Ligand SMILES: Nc1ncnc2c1ncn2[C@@H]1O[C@H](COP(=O)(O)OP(=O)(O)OP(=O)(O)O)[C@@H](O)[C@H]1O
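Before any questions on how it binds or moves, here is one chain, the form predicted on its own, in structure tokens.
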């Protein structure tokens, strides 16, 4: 196997919550706690989990927005050497910001409303010294054409565009520096359903044309299944399963992964009831995670061992799974019975 473009090992990102004049300090939020995975050149790696599981924090740690508490982020640079981004001072790390770029969730708030499209997309070109001032306008026009927008739009302001068009502008800004790795953080979740497919098709076309590698962060399992080569599943800051997308979706080995898939909305059944239901219980608090397996309070198969012993990530079938009982449990039962709550529908 080729050397990974990015290798994350034991990554931890914690957020301190100090007290104020009249309040006590709150427990530390362990947003990401010991997560490891690789991203191969040209790969689309899907990172999935419920809201608050830490997946967006991982994206921000990779792009330098969030500070890491521990672990390494090893990046194979264009020049050849592998560097640990997590260990670098921000000033030194900035040289790689042009190679690792981010597409944000909300195309409205991520674009400066006071800047013309020419300035929004041209800003990274100026900051990294990638184009002479006289060439920036032509380069921005080319980028707009590349993402399916008319070059004459460069004199307009973001408010003049629809949500889908604004996201295309955000993508143009992200690829302006000829990056190698693009972190797409819920890049289509804020868009109308009718527009999402267009943006996904654009991202896939750009991947093929520009040789991009993607970390695709999403809670939409159906979307990740359609575009990802490999998948990482997270729960409350920890990794619970990772493996090839085809194998993981065909035969999930962790109860949480199986329950997530069971909770994907399906068409109505003949009796008028939904064919899915919510996973039982509430997501654990990352500031006060349960002992042992973090998923055990919601798991149908939890034993006393699960309540006291943290499961190690280990190979099971085609995937790697953090579950003590992955080889012995019937995950078809998770698909049948994990929907213990029916979202208000009559049983």
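Numbering follows the first chain given and starts at 1. Bear in mind the structure is a predicted one, so any value in this text is a computation, not a measurement.
Heads up, the form predicted in complex with the ligand isn't pictured, but that's what we're talking about next.
K.L.:
Among 39, 61, 31, 35, which has any heavy atom within 4.5 Å of the ligand in the model of the complex?
P.N.:
Contact with the ligand in the model of the complex is made by 31 alone.
K.L.:
At the 4.5 Å heavy atom threshold, is residue 56 in contact with the ligand in the model of the complex?
P.N.:
Answer yes; at least one heavy atom of residue 56 falls within 4.5 Å of the ligand in the model of the complex.
K.L.:
Using 4.5 Å between non-hydrogen atoms, is residue 286 touching the ligand in the model of the complex?
P.N.:
Residue-level check for residue 286: yes, a contact with the ligand.
K.L.:
Is residue 186 close enough to the ligand in the model of the complex to count, meaning some heavy atom within 4.5 Å?
P.N.:
Result yes; residue 186 sits at the interface with the ligand in the model of the complex.
K.L.:
Can you work out whether residue 70 and the ligand are in contact in the model of the complex, taking contact to mean some heavy atom pair no more than 4.5 Å apart?
P.N.:
No - in the model of the complex, heavy atoms of residue 70 and the ligand never come within 4.5 Å of each other.
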